[in-house]
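For reference, the chain that follows is the form predicted on its own, supplied as structure tokens.
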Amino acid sequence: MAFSGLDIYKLLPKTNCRKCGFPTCLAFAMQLAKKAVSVEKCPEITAAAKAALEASAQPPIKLITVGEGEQKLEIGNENVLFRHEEKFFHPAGVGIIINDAASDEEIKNRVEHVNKLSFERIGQQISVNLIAVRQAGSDKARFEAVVKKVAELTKLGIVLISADAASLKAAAAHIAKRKPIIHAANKENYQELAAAAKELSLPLVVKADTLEELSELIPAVNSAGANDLILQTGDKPVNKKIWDLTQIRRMPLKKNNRVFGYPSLTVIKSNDTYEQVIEACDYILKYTGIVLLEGFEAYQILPILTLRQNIYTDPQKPLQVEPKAYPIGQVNENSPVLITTNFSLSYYTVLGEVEASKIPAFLISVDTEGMSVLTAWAAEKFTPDKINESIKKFGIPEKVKHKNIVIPGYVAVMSGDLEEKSGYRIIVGPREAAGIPSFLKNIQKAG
């Protein structure tokens, strides 16, 4: 946990020597607390105090990197329990499990399918991050062969899952440059796997049944040379697993217990198609750094990725699109003009419905600082003056020859004022975006 300015001041020599460039040690301490200066600027500080300050400056939850290049996944380094306090920085990784007992053709097809599990939602690309290869039996050669094949077929990060330490070490060595996760060290094999993780510079999952056992195992793994860890507790009901995940997150943040200062991982055990989705969402909501499941159909993965996107969006900075007039389809001077806000979800919802109508149109995204229609209207960010300004700024008078503007049905109350200020005929559109296709078709018929 980071020290306050007064905590830092207590560790300083209190000589007010000014060698640091500040008039007093207290002033220097306050700047240190804000991370505006380095502790190196104090020439009088003791080695013990310096070590304490450097340790306090470390993130409470270590940042762990998996994979490489554009597919690199970073987890951990979070600072809060609740995102409204600040925000969550590193979205949880979602991975699909493949068993090495499957046929080569089945493995190939599954990997290719997983590679395509990418979706565009409100202007962002959301996708699966990992493929986990699980050793089903004890055939070391088969496990190695499948790991190599999967590495050839995908650029996603890889998790190696086996109960056999020798198989894990051999497979990890083949793809070490891809920075895979080794899963998992326990009280029986931790020395062997910790040594391998240290030698190959790879992240290592440390697994124990309970938090108490995990708290004893983590220091032992650290002493054996592995420091890039991911934590996992044993199989248990969802409510108990959520308790474990919450405590793993809470202890370094609220109790300054750095033993648990690592991200966590969960593996979905359910065979039920829908339970897998529900469990994965539960664990993402309650702090897991990585969730692995066998389900890989688009209808299973999309809701998981959607929830993750929502949770890891800064609540103080809504997703926004650039305010401007967007042409949809082959527009011309007779194309209708619709108004919405620059809140991404509003814009892309309206965009989809206009595209579905097959009627080319201009869609004006008014700058409402990322607020939705009703929120922006209530906050006076979506007003007749703002809309009129946008109509002129984005060149609508030059783009179309008609004088019609369609506004959202929820703000029909502003139609008279907007008509007076803009000189345009204001048409009140549907309240719900789903009504846009039929609405536009009726406009087109009416001429």
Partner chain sequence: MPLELIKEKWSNKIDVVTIGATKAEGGTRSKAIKVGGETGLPYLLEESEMPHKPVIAMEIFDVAPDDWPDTLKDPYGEVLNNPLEWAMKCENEFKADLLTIRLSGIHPDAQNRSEEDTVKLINEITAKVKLPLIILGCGDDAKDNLILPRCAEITKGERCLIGDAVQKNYKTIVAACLAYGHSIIAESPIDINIAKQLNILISEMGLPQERIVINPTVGALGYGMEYAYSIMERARIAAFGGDKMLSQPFICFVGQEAWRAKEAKAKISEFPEWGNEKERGILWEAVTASAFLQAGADILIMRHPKAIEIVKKHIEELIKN
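Residue numbers count along the first chain shown, from 1. None of these values were measured; they are calculated from a predicted model.
Although it is not shown, the form predicted in complex with its partner chain is what the next lines describe.
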Only one of 208-216, 172-180, 132-140, 194-202 sits within 4.5 Å of its partner chain in the predicted bound form by heavy atom distance, namely 208-216
Even though the partner isn't displayed, in the predicted bound form is Ile278 close enough to its partner chain, meaning a heavy atom within 4.5 Å? yes
Should His84 be counted as a contact of its partner chain in the predicted bound form, where contact means heavy atoms within 4.5 Å? yes
Quick check on Tyr347: any heavy atom within 4.5 Å of its partner chain in the predicted bound form? no
Exercise: Ala145 in contact with its partner chain in the predicted bound form, heavy atom 4.5 Å: no
Sole residue of Asn189, Asn222, Asn77, Thr246 within 4.5 Å of its partner chain in the predicted bound form, by heavy atom: Thr246
Tell me, which of Lys155, Lys240, Lys324, Lys149 has a heavy atom within 4.5 angstroms of its partner chain in the predicted bound form? Lys240
Interface residues of 349-378 toward its partner chain, as seen in the predicted bound form [heavy atoms, 4.5 Å]: Thr349, Gly352, Glu353
